[in-house]
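Coming up is one lone chain in structure tokens, specifically the form predicted alone.
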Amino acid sequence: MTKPVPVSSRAANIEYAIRDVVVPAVQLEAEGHEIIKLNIGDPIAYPGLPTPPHMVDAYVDALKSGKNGYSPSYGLPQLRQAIADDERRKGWEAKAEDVYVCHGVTEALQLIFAAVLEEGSKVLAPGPHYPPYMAYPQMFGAETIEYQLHQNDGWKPDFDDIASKMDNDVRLLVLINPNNPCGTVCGAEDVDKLLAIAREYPNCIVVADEIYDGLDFTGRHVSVASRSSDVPVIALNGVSKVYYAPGWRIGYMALHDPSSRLELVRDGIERLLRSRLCASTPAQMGYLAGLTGDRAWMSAYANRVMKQRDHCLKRIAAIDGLEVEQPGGAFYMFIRLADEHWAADDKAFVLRLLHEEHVLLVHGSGFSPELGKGHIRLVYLADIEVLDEAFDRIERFLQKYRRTPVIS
């Protein structure tokens, strides 16, 4: 028998739990089952939260007017300026030349990792966290070290743990704010504590993933760059979550360099950007319309999301076997499995629930093997009627296995 062509270890070791659980769900759908999907943070997958029409019109107009060519590698100048204007409203002196438009935040991360990391360097990221923070650094010979979040205190960062894990090999210190998957919102005091730690390490850059900043239900959120007078910060954001256009794949990084320490990193990022040509030109025009147009629609969307969050909190409080800290932002709940046998194997819970009750969630250990285990992530963007049906099925599932021993 012919042996298969070998795959690289870097590819073979990649896991992305949010989409990995879709594989068995697709098989069940092929067999004729309808699945309640609460696994992926795609607002367009749920009715009632469409991309705003004026943004879609701008995208379509760009197509119809022939604006389909390559854009400049760093992004359309007018979009870079609009993003800089938006960042300035958040409290720091961003300029258009500080902004780089990418194929979503995911590509921005890949570019940052490629420009900064090398063999032996480290990324310090929250655990649990968005999976690419764990998956990508290894491609550059680096490793991700997780710092703890206080799961019984709103999943706030453990700053003592951060300080204990910092050293001169930590090149990137990550804050996801609001957090995916936990929904934590860090305010000014928390951000200042993080910056104080980073300040002691001159080769460390703070990566501020703020893609959910427009979905803050606490009023506490602040831009990390706005709080820094000396520590270099790379802010990440884009069109996917707050502007409800994830499939457009337009994100950006904005470099805040108050002490003029990022000259070499900036040059590396620009070289990488030029080598991959550009982000989608029509999609950039759509995002430009969102940034420069009327934003009155945003409050209605945010109110709907918060109403659904509050409904989920009530349902979870009434179900024996589930516990949750109230999320302050984004549109996720990181729910603790209180039954001992499921707490020990959250992935088994997710897969059995999928096969027996046809509800699709994501296992918490997919966001951190240690710091996320014993949890499940739920996206609460579906209609309340759909959420209620999902919770009814989850409760039935929990009760069933409380009566019947779990057999592996």
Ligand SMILES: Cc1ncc(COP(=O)(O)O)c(C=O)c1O
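Everything numeric here is computed off the predicted structure, so don't read it as measured data. Residues carry their position along the shown sequence, with the first being 1.
We do not show the form predicted together with the ligand, though everything after this point is about it.
Quick one: find which of 235-243, 150-158, 193-201, 321-329 has residues within 4.5 Å of the ligand in the predicted bound form by heavy atom distance. Of the options given, it is 235-243.
Going by a heavy atom distance of 4.5 Å, is Arg249 a contact of the ligand in the predicted bound form? Yes, contact at 4.5 Å.
In the predicted bound form, does Val105 come within 4.5 Å of the ligand, counting heavy atoms only? So Val105 counts as contacting the ligand.
Would Phe113 count as touching the ligand in the predicted bound form under a 4.5 Å heavy atom rule? No - in the predicted bound form, heavy atoms of Phe113 and the ligand never come within 4.5 Å of each other.
Does at least one non-hydrogen atom of Asn180 fall within 4.5 angstroms of the ligand in the predicted bound form? Asn180 belongs to the contact set for the ligand.
The ligand isn't shown here, but in the predicted bound form which of Tyr130, Trp92, Phe217, Tyr301 has a heavy atom within 4.5 Å of it? Selected option: Tyr130.
So which of Met333, Ile211, Ile83, Ala208 reaches within 4.5 angstroms of the ligand in the predicted bound form, heavy atom to heavy atom? The residue from Met333, Ile211, Ile83, Ala208 that makes the contact is Ile211.
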